[in-house]
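Only one chain comes next, encoded as structure tokens, the form predicted on its own.
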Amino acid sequence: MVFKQQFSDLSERLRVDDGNVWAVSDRAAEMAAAGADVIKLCVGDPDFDTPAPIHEAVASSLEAGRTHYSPAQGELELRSAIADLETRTSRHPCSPEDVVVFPGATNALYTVLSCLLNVGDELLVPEPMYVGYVGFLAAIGAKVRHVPLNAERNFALEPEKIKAAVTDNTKVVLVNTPGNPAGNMMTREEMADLAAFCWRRNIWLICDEVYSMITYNRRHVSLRSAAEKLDNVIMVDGLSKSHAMSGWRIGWAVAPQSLVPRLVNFAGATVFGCTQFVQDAATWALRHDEYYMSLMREEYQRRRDFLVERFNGIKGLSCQSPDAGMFVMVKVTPLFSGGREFAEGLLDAQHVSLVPGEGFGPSAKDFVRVTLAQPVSVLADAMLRIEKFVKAQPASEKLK
């Protein structure tokens, strides 16, 4: 007799085909492990060290014995720091009771959507979208409808396009501003308009704002600040990108009081609370972060400006300057058939790894995404290799 293994529908949904979005990155890692000189420009993991005072805050917390269970909603001090930040930047006062802490913004989004959607419910999301959404949206079993954005406008998040895509079955709209992969941002007026529209249509509006502190041309405006009514709006943020704390796993949601108990119940049943000493470090970070954040922002902007200028100086490639975030999107057509051909050929020829744009959605198939999470010296070496690769293409002679 043989045991017949059976698995849940949820685990089957998680086997979703991601289009091998990370295939180039994985192959680059294998090449590097074998000794090849590979420049990795794929993953958006900040190359900065977490600021030293945050390490000191952890040490103090550990000395104080902060290694026990934490409330499922999160430590009051951290929730207060988040609420104070929201109150300072919004016309709506925010209470610690409006905040729920999670082990990262991805877990926050998964929890929020799990509390709003049933299997088969319709969710609307603009694309290109952050590829990390694919897994938890599949786990929830949502019916995902995408809103293609205009590549010629640097994938601008246009409310009219989103509103036009809404149907009678739409339960949730999820937007990401500042966005990954394109660094696109919505204005206060656009966010207010979308929030009001969703409120009238009885639709939840969720805004993923994890790049809120990495902006260049103008400051980010939170959905919670822009919306007139808060009954249907949920804001998600975290410290992974802004504070170079990707491995610390701290994120949060700010939500209506009617939803908060459900989020707390879900968090209590799944993660049972976040680490006390990490929450203490996050509290310190949010209360003393401006100096460190400004240094990181300035360096990211320097890298952005360097890459945009260099890419636009290579015949056959083009690059618009993003308003925010840690990436630039580079158009590689018509010299190449699309981002995948470019990324695979570049890795083979010059050992530089980029992410093909198609992994973020069909709108980005002509693009590759390049991370800013490398110093300019490394980016300069990568650009020399990229230029050499492009010039070696037979079709490049026609562009001269």
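One-based numbering along the sequence shown. All values derive from a computational prediction rather than experimental measurement.
FYI, the form predicted together with a small molecule isn't displayed, but the following is about it.
Exactly one of the stretches 290-298, 129-137, 88-96, 194-202 approaches the small molecule in the predicted complex with heavy atoms within 4.5 Å, and it is 129-137.
Mapping the unseen interface onto this chain, Tyr211 counts among the residues with a heavy atom inside 4.5 Å of the small molecule in the predicted complex. A residue is said to contact a partner when one of its heavy atoms sits within 4.5 Å of a partner heavy atom; Arg224 fails this definition for the small molecule in the predicted complex, lying far away. By the criterion of a heavy atom within 4.5 Å, Gly104 is counted among the residues contacting the small molecule in the predicted complex. Using a 4.5 angstroms threshold between heavy atoms, Arg79 stays clear of the small molecule in the predicted complex.
In summary, among the residues His220, Arg249, Arg303, Lys171, the only one with a non-hydrogen atom within 4.5 Å of the small molecule in the predicted complex is Arg249. The contact residue chosen from Asn154, Gln73, Ser240, Thr215 relative to the small molecule in the predicted complex is Ser240, the criterion being a non-hydrogen atom within 4.5 angstroms.
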